[in-house]
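Just the one chain here, the form predicted on its own, laid out as structure tokens.
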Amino acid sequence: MFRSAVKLITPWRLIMAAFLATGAVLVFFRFTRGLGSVTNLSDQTPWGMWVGFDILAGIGLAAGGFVMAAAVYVFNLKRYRPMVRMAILTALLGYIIFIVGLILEVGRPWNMWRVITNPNIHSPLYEVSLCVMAYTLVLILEFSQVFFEKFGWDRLMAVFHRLSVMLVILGALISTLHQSTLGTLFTIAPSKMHPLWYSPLLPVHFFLSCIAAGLGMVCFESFLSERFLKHPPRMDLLARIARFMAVMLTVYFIFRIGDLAVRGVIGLAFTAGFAALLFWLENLLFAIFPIIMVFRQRLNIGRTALFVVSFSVVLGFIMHRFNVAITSFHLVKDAGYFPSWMEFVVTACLISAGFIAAGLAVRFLPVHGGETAKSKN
């Protein structure tokens, strides 16, 4: 028994346990001593790392849930059915992390319920809040089928099977609304954002980018599942997903460059300076490199190459959201903000909690149920 307990102790688990313990202490300080005790936020910079990563990037990376579910249940691409449950689990955990991050970031989270009783129908945040609540509920309902299968509740399984298409369509519509509306939040600040990231079409930018990033996250989490949960990835399916991801990245990149050209600010991308460097680094990671790698190898893309490509997409997408939410404002008027080490630790705490929850779900629930069955197109 002692040896079995020792085998459960791994370096990664120790690291995640350390993040959880330290993060719990910092969260306690945040609620007892205020945001200023653990963050470098100020009146000049009220949005920081927790908004850029935990909220904007996290909710975008969770888009793979509605994309994969729509592909299977709406467009009848049954070959991707083995990927759906894990994608929905990833999306559900992403939205839970988003909600927790929002509770941490909002100055007075105990007043959040007022968004329901005192609605501001003219605010994009009102739509985002309603859509996030609705879509989280839809994700819970979609994932509940895993519990029904685990405990043999066949009647409930049959009911939800009949409702699955409706739930997926509803989830896709809701997700489309708030994914794009997150970009709408920044359209009110044209003079405060750097032109390389500001656009009146930011809602379209956000929606196109989240589809590609969501698919990239589906591929990336498949490799994480193999590394930490010993579940081999379906390379035949991941290669096809990567190809569609590359198509969406191409559409996004052409749209973004065209938007800059139409607005007459494309020249800023070719001037010497930190802004141009960030712009091309972001697009190299998120679009240019993945597009070249995937289309060069097509469906024969190897395991290592696909891992590198999916990691590049996820990293580039996070950088894009950071640049929109934080960097673009500081390039116009530097407010002297850089995340404190405590902000990094709390973010790592949330990510660790997500990994642990995913591991427990895969270990004790039939998340990968039916994956060995023969898929039909």
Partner chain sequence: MAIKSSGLLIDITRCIGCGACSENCKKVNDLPPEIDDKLTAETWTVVREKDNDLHVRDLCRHCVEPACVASCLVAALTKTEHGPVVYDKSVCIGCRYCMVACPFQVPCFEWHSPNPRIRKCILCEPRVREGKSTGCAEACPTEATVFGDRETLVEMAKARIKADPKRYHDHIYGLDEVGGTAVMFLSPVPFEDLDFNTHLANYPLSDITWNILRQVPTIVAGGAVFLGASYWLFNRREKVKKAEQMVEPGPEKETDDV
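Positions refer to the first chain, counted from 1. This is a predicted model, so every value here is computed, not measured.
One more form of this protein should be noted, the form predicted together with its partner chain, which is absent from this view; the next part is about it.
Residue-level contacts in the predicted complex: of Asn300, Thr304, Thr271, Asn120, one residue has a heavy atom within 4.5 Å of its partner chain, and it is Asn120. A heavy atom within 4.5 Å of its partner chain in the predicted complex is found for exactly one of Gly264, Pro200, Gly152, Gly258: Pro200. For the marked spot (Leu35, Pro124 and Leu173), a heavy atom within 4.5 Å of its partner chain in the predicted complex is present in each of the three residues.
Here the chain stands alone, but in the predicted complex its contact with its partner chain, taken as any heavy atom within 4.5 Å, falls in 75 to 83 among 229 to 237, 88 to 96, 280 to 288, 75 to 83. Contact check for Ile188: a non-hydrogen atom falls within 4.5 Å of its partner chain in the predicted complex.
Heavy atoms of Leu177 reach within 4.5 Å of its partner chain in the predicted complex, making it an interface residue. Contact between Val165 and its partner chain in the predicted complex is found at the 4.5 Å heavy atom cutoff. Residue contact with its partner chain in the predicted complex: Arg296 places no heavy atom within 4.5 Å of it. Residues of 102 to 129 that come within 4.5 Å of its partner chain in the predicted complex, judged by any heavy atom, are Glu105, Val106, Gly107, Arg108, Pro109, Trp110, Asn111, Met112, Arg114, Val115, Asn118, Pro119, Asn120, Ile121, His122, Ser123, Pro124, Leu125, Tyr126, Glu127, Ser129 in sequence order.
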